[in-house]
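What follows is a single chain, given as structure tokens, in the form predicted alone.
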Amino acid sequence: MKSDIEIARSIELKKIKQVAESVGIPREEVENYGRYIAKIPEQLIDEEKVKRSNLILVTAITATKAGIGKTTVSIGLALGLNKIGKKAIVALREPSLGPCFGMKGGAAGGGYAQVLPMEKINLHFTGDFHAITSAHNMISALLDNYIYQHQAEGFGLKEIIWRRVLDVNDRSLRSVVTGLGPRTNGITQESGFDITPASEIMAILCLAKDTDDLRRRVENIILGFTYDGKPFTVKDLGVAGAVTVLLKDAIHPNLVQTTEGTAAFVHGGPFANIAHGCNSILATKMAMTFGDYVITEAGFGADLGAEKFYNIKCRKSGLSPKLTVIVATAQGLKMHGGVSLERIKEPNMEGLREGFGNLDKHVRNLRSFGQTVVVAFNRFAGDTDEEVDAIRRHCEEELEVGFAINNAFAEGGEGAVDLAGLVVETIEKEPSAPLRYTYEENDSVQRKIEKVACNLYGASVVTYSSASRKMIKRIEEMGIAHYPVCIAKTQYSFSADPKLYGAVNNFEFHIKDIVINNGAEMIVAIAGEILRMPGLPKSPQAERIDIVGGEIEGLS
């Protein structure tokens, strides 16, 4: 089979205005970024049409380094729905350059289920990540300048909590010292970098309902605390307008197309292990304005992306999925059943059955939100019929959930027709109940964290560092304890230990730190040793990315 990039190049793309017209977007509203990419103004969102659209969430079992294929399933399902005569649009996150040049090589789907043009989507795209990075670091520069220019007046901050960001995996920047050298270089102080998908500006862009709301949220960002304990915000700095100007184009959703020419919105890109892991509310609602069925995904496993999708994104937007699709693979189940990463491609029925526990726990959790669930089995070439039949029987007989095989990677929309049919039938006969959240807004911060950690992850106890307890007290004093919690933890386990696979239970869950995202209106609880600036592997994908004869190689 051809590589992803070879398949992408073999497809004759439609002009983006044709794609827009195919779903009812007026040509005059399309702002072209070249021939095949466009921005669509957020003013086109119609809340009445949003209410009538069928929203479908795609999530997955706990992530493995072998990959699960959630994005491929999301795109494939949209293709399959269009194949059976439904008007379907997919809404996805934008890829980050960090993983593209680090571990993954790309995040635009795979095989014959991709969003295109994949090279541009995986690289600089429409400049949204650049705008977010620039806006974030502009605040950093203006804050440092404010402190420098006003120090003679006695102004200073006891604590600065605003860090810098960069969309590159760079472990050397996790902790830095700024202002070294002569006094004119500024005040010497500790700082550090997070990756751009962890930026509060990214979260704000994805949660804002319009440009006015974006500015309001930017104003509310807390940069640090004064010596008398008061928060110092972007509003105090007086630069919210300038920061919003940098984001004025980035807020509009990006329209592209699939391998079969159907509409796709790709907008926003927070990671689910260190942020809230969902594409923008605006892009989802834009897709729902023009599509009868809208497929969106939430990052990593259901314990991360789906939980945050429901408890944060849906709570803030009023959205409620009609159905949740959970993606599973035989390789992933075997790894969670104790089979080593090196041997998960080999047949192993015992390991496969042991791994069912991970899937079962995710399905129970999804049902706790009131969701109707179906399983999409992402089939790989080495999977045996015996393995597939065992998973099907377990889903249909033990879990009593719908089951369908996804072959969209190899066959495009035709390979997802069975899944599409199952999805439509399930929504018609047994749509999800109204969302039930894991916690109430008026629960304490600790109670919220403990409800997620104990009820969904399976922890027996939650412990807190002295720094996190101090921050929780500060949150309560500020009157913002009603914000939802966004737990940052490893994607490889229900626990905070990336090596504890399967359906682990009765473990201690340690909160190392708490970060206030006052503009995004959420509280980030950092668990275990998770890092908000990833590092590169020993052999990064960048070693295999090149341009040969004018064409890019190594992206996938």
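Numbering starts at 1 and follows the sequence shown. Fair warning: this is a prediction, and the values are worked out from it, not measured in the lab.
Beyond what is shown, the protein has a form predicted together with a further copy of the same chain; the following relates to that form.
Contact test in the model of the complex: Tyr33 vs a further copy of the same chain, heavy atoms, 4.5 Å: Answer yes; at least one heavy atom of Tyr33 falls within 4.5 Å of a further copy of the same chain in the model of the complex.
Using a 4.5 angstroms cut-off on non-hydrogen atoms, would Arg379 count as touching a further copy of the same chain in the model of the complex? It does not: once a further copy of the same chain is placed as it appears in the model of the complex, Arg379 has no heavy atom within 4.5 Å of it.
Even though a further copy of the same chain is not shown here, does Leu399 get within 4.5 Å of it in the model of the complex, heavy atoms only? Because no heavy atom of Leu399 falls inside 4.5 Å of a further copy of the same chain in the model of the complex, the answer is no.
Is Leu13 near a further copy of the same chain? Define near as a heavy atom within 4.5 Å, in the model of the complex. The answer is no: Leu13 has no heavy atom within 4.5 Å of a further copy of the same chain.
Based on heavy atom distances of 4.5 Å or less, which listed stretch (306-314, 475-483, 184-192, 462-470) is in contact with a further copy of the same chain in the model of the complex? In the other structure, the partner sits against 184-192.
Looking in the model of the complex, is a further copy of the same chain within 4.5 angstroms of a heavy atom from every one of Met349, Asp385 and Asn407? No, the whole trio is out of contact, none within 4.5 Å by any heavy atom.
Within 4.5 Å, heavy atoms only, which of Thr438, Asn220, Asn137, Thr372 is in contact with a further copy of the same chain in the model of the complex? Among Thr438, Asn220, Asn137, Thr372, a heavy atom within 4.5 Å of a further copy of the same chain in the model of the complex occurs only for Asn137.
Contact residue in the model of the complex, from Ile84, Ala433, Val176, Ile161 (heavy atom within 4.5 Å of a further copy of the same chain): Contact check passes for Val176.
Residues of 349-375 having any heavy atom within 4.5 Å of a further copy of the same chain in the model of the complex, listed in sequence order: Result: empty, none.
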